[in-house]
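Only one chain comes next, encoded as structure tokens, the form predicted alone.
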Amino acid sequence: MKVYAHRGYSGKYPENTMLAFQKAALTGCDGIELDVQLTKDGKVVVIHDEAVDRTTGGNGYVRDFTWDELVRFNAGAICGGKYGFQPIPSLEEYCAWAAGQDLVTNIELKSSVYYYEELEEKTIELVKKYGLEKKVFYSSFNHMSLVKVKEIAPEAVCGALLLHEGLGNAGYYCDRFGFQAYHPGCKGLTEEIVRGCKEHSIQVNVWTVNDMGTLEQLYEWGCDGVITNYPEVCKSWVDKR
């Protein structure tokens, strides 16, 4: 079972920052999950919320700031300034770093609350620029974004993100639309759903797994991956098993 660091090593460091990604890499995890949106001037940036308020202490929506304005916000504020000033990364900065790492990256397209024009195109362009096509897969709660990804890059690996309620007949659904993976929340997942996905050769990567009981259960069910805030703990446990 693969271990993916949720927004980097977000259980300890400021989420979706280069510091969190670098610290995650040191844990030996298999990959990193991150979120992308677009600035007012069309630059792909790594941040989870549509607004900057929670993570930076600033105020306003990502889409209303230019890159030069956005980079002035301190993404380290979410940890009370413990790690100093941490700028919001651009996806290009991340890709340049990831090109030298033995890691898989799960890029979540944040297009389900506000639909960004050309987010898919710009993201794929950067992935290709840094030769990461075989080290990246895409996910989104907006499955039309994944359909768009497949139109642009048919070979791209995509995972359908679902909330904890999940989706009935998920394996067939993903197979029907060409998605190679199913990414459900951990609370509503059952062994039957996992089995149904396996019958359609669909991978199951589960979020956000932060307790050992859930981790062990998902391992026993044969899930392919877990997305966790604590990659060091999960990776150590999986390796021992």
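Numbers for residues come from their place in the sequence shown, where the first is 1. Predicted model only: the values in this text are computed from it and were never measured.
The following text describes the form predicted in complex with a small molecule, which does not appear among the structures shown.
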Within 4.5 Å of the small molecule in the predicted bound form by heavy atoms, the stretch out of 148 to 156, 104 to 112, 76 to 84, 165 to 173 is 104 to 112
Original post:
Can any non-hydrogen atom of W97 be found within 4.5 angstroms of the small molecule in the predicted bound form?
Top reply: no
Note to self: Can you tell me whether F65 touches the small molecule? I mean in the predicted bound form, with a 4.5 angstroms heavy atom cut-off.
What the structure shows: no
Is L91 near the small molecule? Define near as a heavy atom within 4.5 Å, in the predicted bound form.
no
D30: heavy atom within 4.5 Å of the small molecule in the predicted bound form?
-> no
